[in-house]
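The chain that follows stands alone, in the form predicted alone, written as structure tokens.
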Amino acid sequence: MCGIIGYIGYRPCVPVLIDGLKRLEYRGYDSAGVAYIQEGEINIIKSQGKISSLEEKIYTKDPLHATLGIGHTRWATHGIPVEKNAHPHMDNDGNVALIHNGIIENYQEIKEDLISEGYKFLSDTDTEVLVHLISKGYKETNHPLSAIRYCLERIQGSYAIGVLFLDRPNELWAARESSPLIVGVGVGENFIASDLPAFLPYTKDVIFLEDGEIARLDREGVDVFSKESGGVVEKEVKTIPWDITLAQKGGFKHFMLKEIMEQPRVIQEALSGRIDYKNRSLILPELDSLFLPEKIHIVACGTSFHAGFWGKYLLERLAKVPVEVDIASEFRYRSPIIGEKEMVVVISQSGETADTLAGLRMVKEMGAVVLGICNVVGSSVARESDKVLFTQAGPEISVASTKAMCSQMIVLLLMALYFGDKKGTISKKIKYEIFDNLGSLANVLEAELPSMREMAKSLAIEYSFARSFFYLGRGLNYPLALEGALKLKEISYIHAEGYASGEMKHGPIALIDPSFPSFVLATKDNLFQKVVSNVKEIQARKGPVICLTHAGLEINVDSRWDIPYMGDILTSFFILPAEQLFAYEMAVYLGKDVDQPRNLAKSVTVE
């Protein structure tokens, strides 16, 4: 969602802020702004649209001497995306400036009270009540910590905030509750940000703020305080092993393409240290201390939900564990029943997905054991789960998730193998076959990806006429059909629906005609002939068919796309990038903004 960056140090702050905002563009935004203290006043510059529009405005100023500032990219919640609603916001006296990610649920009530006291509001946002409350608290207490506590005690909702006080030109303040915010610790300089890439060029040392914590930064250090007591909280500085090159395009036109093509490396990283190929055994100490669950509940959103749905098939097949998969935004409202010997698995690339976190916290209150699957060390999911399996995919920048799902699927496969091995429900033959193929999967995929991209490019041009698509699959391919449809929708804006192939004739087949193509997953498994029958039903209604299949399988379609076969499970790791590449090439051909599709945000950190 919204991107936050703050800087205090010895460098000119505005270039650092702009650079940080550009590194957060993948989160999605509709306006941007910066605030900095210079020559005895707070200067605010903001603009609707892209950061380039903000830069043009900045060039008319001279902020080069300012070394303390905050920056923000806004994804609209309260108030339409126009300049007056962009952040930062400032109090009526010009003494306090603030940026905010989150939603203030009781803002209307507070706003009415403040208006009655004479405060003037210049925007339609919920955020503006924060800056006026802090300003009011500061007038009463003359201390930033007390002023921020005064504000936070009166609001309900989620927030990550960065605050400047005009008469405190050597201090940057921040606080969080249910929205991501981290502190970067440098030498003679310090940072706040909503995500690590914002300050990754400058430092890898971070402090992870917990909910209800307030931070004070100056050039020399960081102090953290409790919102409740105001007392000092001791914090540990951790070093994140990400390389800045992983957050750069590396010669690719788009981050999305780079991240699709990185999947062989992602597979290797996700497997690294977790498989003893010589002894064909697993090394998963995170699971060793957990019980063998009698049932698993998987909770996730979007692409992570599809990965979890795919994992359900494997866990039930290999480990004989019943699995329920819930969309996180529905899970918390359906009064789920979690048994004593049942486990909850939450999946989130960022580890900050609001609905997933809400589900996690709900089941923790119920006493459930939670296993987190996420990509970001120190994220809320990582900190709040009982155990965590990190996907080790490196930073994912494109809004449309690609390599994250690949890494999540690897981890879920390892989980299924682990539980199946412990329970004795998986035969040595099947286990050894999967282990042996995993050892070569990354190399086979890397060799195949260039030709897959060429095929995707050709098919995208051929089918660019379509305004709607079906994605159809059975068994393990059903969740992948859902994901293929999601990718096409996300970045090309073509309407697409993923369906279980056998469900198509229960209504949706009415849509089939010559202008309505189907993307069918017809791979070598025990359901292949049933998928062939579904294809014939489409063709009888003159519907065009793209078929992802294998050489040697007999299926007559308009467009055949053969991919390698490495057993029905690992074949999924070729289906996934094939669908991603098709969506990518379609979006490029249609001239869409691939890395920042309209209306979307990378991390959905508000409900």
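The structure displayed is predicted, hence computed values, not measured ones. Numbers follow the displayed sequence, beginning with 1.
Just so it is clear, the following notes concern the form predicted together with 2-deoxy-2-amino glucitol-6-phosphate (AGP), a form of the same protein that is not shown.
This chain appears without its partner; in the predicted complex, the one residue of 523, 391, 501, 353 with a heavy atom within 4.5 Å of 2-deoxy-2-amino glucitol-6-phosphate (AGP) is 353. Checked against 2-deoxy-2-amino glucitol-6-phosphate (AGP) in the predicted complex, the residues 155, 486, 460, 442 give one hit for a heavy atom within 4.5 Å, which is 486. Proximity of residue 348 to 2-deoxy-2-amino glucitol-6-phosphate (AGP) in the predicted complex falls within the 4.5 Å heavy atom cutoff. When 2-deoxy-2-amino glucitol-6-phosphate (AGP) is considered in the predicted complex, residue 399 lines it closely, a heavy atom lying within 4.5 Å.
Taking non-hydrogen atoms only, residue 303 approaches 2-deoxy-2-amino glucitol-6-phosphate (AGP) to within 4.5 angstroms in the predicted complex. Proximity of residue 490 to 2-deoxy-2-amino glucitol-6-phosphate (AGP) in the predicted complex falls within the 4.5 Å heavy atom cutoff. Only one listed stretch (82 to 90, 528 to 536, 198 to 206, 303 to 311) carries heavy atoms within 4.5 Å of 2-deoxy-2-amino glucitol-6-phosphate (AGP) in the predicted complex, and that stretch is 303 to 311.
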